[in-house]
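Okay, so here's just one chain, in structure tokens, the form predicted on its own.
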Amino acid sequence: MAEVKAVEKEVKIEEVLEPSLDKELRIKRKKVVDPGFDETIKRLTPEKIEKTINAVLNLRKTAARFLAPLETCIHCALCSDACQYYISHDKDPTYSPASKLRLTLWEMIRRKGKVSPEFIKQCARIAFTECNICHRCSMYCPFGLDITYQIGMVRRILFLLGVVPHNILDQDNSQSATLTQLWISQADWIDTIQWLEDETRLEYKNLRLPIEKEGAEVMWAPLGTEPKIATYHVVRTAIIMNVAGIDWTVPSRDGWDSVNMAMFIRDFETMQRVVLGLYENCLRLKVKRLVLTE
């Protein structure tokens, strides 16, 4: 009986990601057009990319977070069925969480940061448009590998290189400048709250939207979109608080917006400032609880 040997074709990363060789993914993927991707990669140099990747990975200090998962993952695919992108794309294996890591972070490690601007663009497509960093894959991994952390660090690298979806980066810039999602000034915030109280009291006579009430039980922190473009959410919250008899307040100072867009692109510096702003307002007003919109 003739011996039958299974021959597995080795698929190199270049066959998937490099523009001249990614025919398979060109068919499967819709092109993502975004100035945050297309324009910024034009300004990247191989030297800057390599320096940024190696600065973030710094494997001498972070080997346990990056190299250990790379060597431990057995590609069992249990994480795949936890991923909505994998399920919603007919279980295409290139959408599996392990595959996303192989096509991004693990390849950066293998090449020691020596990758092209086009590779970085493809990483941005994967990390920002094919993953929600929802943590479901990490929960299903039998080894407890923190896949989400690793994808998050891909986003960190992309943020430092400036390769971020344009709309998200604009909101991150807003939070960096104003601690709000949509460029809302402190004066606009206070004016909106006072205006909504006046309007709502036409129907609910005793309703209040208390500002700067020291010692209240609860400090409420809305999303930045609510006082900007969805004021009915603020009114509904005020009605619920008043009907329920909650002793509540909102701060007048910056640090009232509970949105943290910086977290999604791993802008750690701004992310921490947003959280600190909420925490400091709670301490200053001496409240017992912080309540956030959904």
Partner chain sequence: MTGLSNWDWDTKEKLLADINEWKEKFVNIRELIPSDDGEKIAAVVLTEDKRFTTCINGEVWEETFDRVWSLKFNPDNQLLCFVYRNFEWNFVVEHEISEEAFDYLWNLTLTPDGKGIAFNIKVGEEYGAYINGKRWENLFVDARDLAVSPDGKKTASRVQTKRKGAVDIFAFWEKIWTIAVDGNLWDNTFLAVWGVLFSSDSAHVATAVRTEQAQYTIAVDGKAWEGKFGLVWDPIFKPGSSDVIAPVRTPKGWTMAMNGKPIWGNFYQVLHQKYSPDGQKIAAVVAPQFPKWTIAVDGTPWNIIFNEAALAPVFSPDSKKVAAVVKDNNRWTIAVDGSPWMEKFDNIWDPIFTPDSDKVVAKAERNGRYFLVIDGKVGKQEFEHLWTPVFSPDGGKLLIRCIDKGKYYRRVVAIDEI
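Everything numeric in this text was worked out from a predicted model, so none of it was measured. Residue numbers count along the first chain shown, from 1.
The discussion below concerns the form predicted in complex with the partner chain, not included here.
Select from the listed residues 88, 185, 72, 132 the one whose heavy atoms reach within 4.5 Å of the partner chain in the model of the complex. By the 4.5 Å criterion, the partner-contacting residue is 185.
Of 78, 221, 169, 145, which residue is found within 4.5 angstroms of the partner chain in the model of the complex when only non-hydrogen atoms are counted? Looking at 78, 221, 169, 145 one by one, just 169 meets the 4.5 Å heavy-atom criterion.
Using heavy atoms and a 4.5 Å limit, would one call residue 201 a contact residue for the partner chain in the model of the complex? Yes, residue 201 sits close enough to the partner chain in the model of the complex that at least one of its heavy atoms falls within 4.5 Å.
Is residue 35 near the partner chain? Define near as a heavy atom within 4.5 Å, in the model of the complex. Judged by the heavy-atom cut-off of 4.5 Å, residue 35 is in contact with the partner chain in the model of the complex.
Mark residue 93 yes when one of its heavy atoms lies within 4.5 Å of a heavy atom of the partner chain in the model of the complex, and no otherwise. Residue 93: no, not in contact with the partner chain in the model of the complex.
is_contact(residue 107, the partner chain) in the model of the complex, heavy atom dist at most 4.5 Å: Close contact is absent here: in the model of the complex, residue 107 is far from the partner chain, nothing within 4.5 Å, heavy atoms only.
Pick from 120-128, 134-142, 97-105, 203-211: which stretch has non-hydrogen atoms within 4.5 Å of the partner chain in the model of the complex? Of the options given, it is 203-211.
Could you list which residues of 263-294 come within 4.5 Å of the partner chain in the model of the complex, counting heavy atoms only? The stretch 263-294, when checked against the partner chain in the model of the complex, contributes 267, 269, 270, 272, 273, 276, 280, 283, 286, 288 at the 4.5 Å heavy-atom cut-off.
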